[in-house]
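As structure tokens, the next two blocks hold two forms of the same chain, structure 1 and structure 2.
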Structure 1
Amino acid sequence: MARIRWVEEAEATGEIAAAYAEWFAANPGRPTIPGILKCLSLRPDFFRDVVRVSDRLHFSDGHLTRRLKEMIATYVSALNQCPY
């Protein structure tokens, strides 16, 4: 559990349960919801927005290739001293 409350998969109900189910359906084979997304679980609507933004902007070739975007993500996280 993070230091700010979030909703675990097993306790999810209603809106966030539906949002989790959508994420699992779109990510077959993944056993759990990534922690970074669970941080957003107290606002299921925002959870969905961020999933959509991530898919559309990051996890797809756009003007930049996915490889380059992964490089940017790695470098930014290192600059921010954040291992996540």
Structure 2
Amino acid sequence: MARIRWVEEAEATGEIAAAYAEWFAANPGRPTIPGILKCLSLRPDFFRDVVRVSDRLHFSDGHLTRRLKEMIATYVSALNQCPY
């Protein structure tokens, strides 16, 4: 159970529903919004900003490829026993 109040996908209306729809369009095949992002749902503007920054930092090629970044993140999450 979450300790931070957030808006579930099925309950989303207005601005956060639109932001969720944008996230799902950019992430086909993902069944739910990750909780680490959903905790920003009470501030749809901030939700969008964090998604935009995250996409640019984590999910684009730069010095490291996206594939390598994902492998490092998976390894670190496993070491920390973190589901993210």
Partner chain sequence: MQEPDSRVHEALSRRDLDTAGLNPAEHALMEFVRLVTEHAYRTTDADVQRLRDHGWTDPQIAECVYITALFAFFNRVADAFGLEDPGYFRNPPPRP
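Model, not experiment: these values are computed from the prediction. Throughout, residue numbering runs from 1 along the sequence of structure 1. The term rigid core refers to the maximal set of C-alpha atoms that superpose within 1.5 Å between the two forms.
Here the chain appears twice, and structure 1 is the form predicted together with its partner chain. Relative to the superposed core, T74 shifts its CA atom by 2 Å or more between structures 1 and 2. Core-aligned CA deviation for L64 between structures 1 and 2: 2 Å or greater.
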